[in-house]
Ligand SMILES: Cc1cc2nc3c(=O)[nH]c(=O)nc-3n(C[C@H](O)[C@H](O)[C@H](O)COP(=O)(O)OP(=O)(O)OC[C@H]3O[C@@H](n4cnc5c(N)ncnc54)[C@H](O)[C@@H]3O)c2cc1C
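Have a look below at one chain only, the form predicted on its own, in structure tokens format.
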Amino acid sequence: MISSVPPIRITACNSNRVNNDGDFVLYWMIAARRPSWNFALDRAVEWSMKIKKPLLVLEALRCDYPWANERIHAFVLEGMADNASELAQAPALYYPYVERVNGEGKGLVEALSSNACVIVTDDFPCFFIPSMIKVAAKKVRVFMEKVDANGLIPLRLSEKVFQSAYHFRRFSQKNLLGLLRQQPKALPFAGLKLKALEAIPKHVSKRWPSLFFEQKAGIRGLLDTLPIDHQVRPVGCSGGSREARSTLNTFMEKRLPFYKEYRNHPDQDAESGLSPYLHFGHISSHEIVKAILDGGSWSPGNSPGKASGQREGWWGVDENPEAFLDQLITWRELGFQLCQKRKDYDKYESLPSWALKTLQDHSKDIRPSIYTLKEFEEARTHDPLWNAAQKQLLEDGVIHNYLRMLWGKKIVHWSPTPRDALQFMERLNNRYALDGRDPNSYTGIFWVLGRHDRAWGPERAIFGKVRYMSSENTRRKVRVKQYLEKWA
């Protein structure tokens, strides 16, 4: 089959055969939770066109994943409501399923495979998803493949583990011009004549009934009935592709023109706000990059094309979109690359050798303060700025990006050991952050301990040669007066 999806993004999950006598092509949507700008959906549509079978889009939500809570569930469910609305107009049957009891959804994909021709799913290198796909691929009865729709740089374009942003940036600059021509479809069903599936197989729908969305407001009532963590409540912002695009438009109009100058200052509120939507797959980095470049009237001729690895100058656009693109492509995708290549990405031992040595050398240094996980979680330290950052995480599900670095550094400073600090950061981030449980957030957590960084001097107590940050210096460097008034 000639595919518009780059072959490097497609990976076979098993050696089963395609069942041409099946009733439908199944797209099992688990990470790229959006109905457009999605290579995995494009691939499923191609299969439907090739074997002339309807398309069934399954988006399921289990309730027994690690850190399952109302905040995460609400954001995903709001995205599902958007998908139900958008796919109602498409020649594809959308099947949203939500577990009401732990383990209730077990066997669903396997049951659907008895009627499916082929299964397409999302390739995501983090959290429980890789192991879930591996298990499912052994149980289903037909050919199954996964498609990488994570970022501009395909996960398998290089087998190298990039140790620094500079080296990854240099690699990406060598390849980006060609990759920008490989876009997922903004309108994946446009001009296609696909026969729609009339109904989910009865033996499936009876045991695993579809969830019907009347309005997003009803989602909050559903949460009360589910066996998830009810202490972590939903936040003010909503999930879904529509809200993601609205957030992108607001950022481009009001914040992007001042991004480089103001993004490190919490008082200026210049961040994009897109990280949660990227994490849950409600918006694609391809769509964001196209919007940013179109807004700056960019063309390949703008770029000097020299892959120097420098942060500035390669795109040939204004400094503000260039600074944002470096965050979106270099720093975000650096984490995806590492998670795909190192299965121990979340283990302390995955730190670079120099960081492991220097942290070990200073592991018995006296800490100025030591806090328990509970004290960290409840924002009960002696430091008002740290407490403010933690309170923002508790209430809004995010921390300002610059303060997130300080937040992590002080946890290292006030934990009994670096290993304890890692455990605390992972717990707090993955439980409360909307963009937690993600390669990008693991990049941030491990950067605190030396990953993707270099040895710094002078050597300090506790940190050794790992980069040090203090609240006092942070308050001098960035504007936090209004931030403290709000959160502290």
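Counting begins at 1, following the sequence as shown. Note that the structure is predicted; figures quoted are calculated from it, not measured.
Keep in mind that the form predicted together with this ligand is not shown, yet the notes after this line are about it.
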Would you mind picking out the stretch of 114-122, 399-407, 235-243, 189-197 that comes within 4.5 angstroms of this ligand in the predicted bound form, counting non-hydrogen atoms? 399-407
Using heavy atoms and a 4.5 Å limit, would one call Gly444 a contact residue for this ligand in the predicted bound form? yes
State yes or no: in the predicted bound form, is some non-hydrogen atom of Glu322 no more than 4.5 angstroms from a non-hydrogen atom of this ligand? no
At the 4.5 Å heavy atom threshold, is Asn69 in contact with this ligand in the predicted bound form? no
Using heavy atoms and a 4.5 Å limit, would one call Pro35 a contact residue for this ligand in the predicted bound form? no
Report whether all of Trp354, Ser363 and Arg419 sit within 4.5 Å of this ligand in the predicted bound form, measuring from non-hydrogen atoms. no
Checking Gln173, Ser272, Ser415, Asn83 against this ligand in the predicted bound form, the residue with a non-hydrogen atom inside 4.5 angstroms turns out to be Ser272
Among the candidate residues His265, Arg332, Lys260, Arg141, which is the single one with a non-hydrogen atom no more than 4.5 Å from this ligand in the predicted bound form? Arg332
For the stretch 423-437, return the residues whose heavy atoms include at least one within 4.5 Å of this ligand in the predicted bound form, in the order they occur. Asn429, Asp435, Gly436
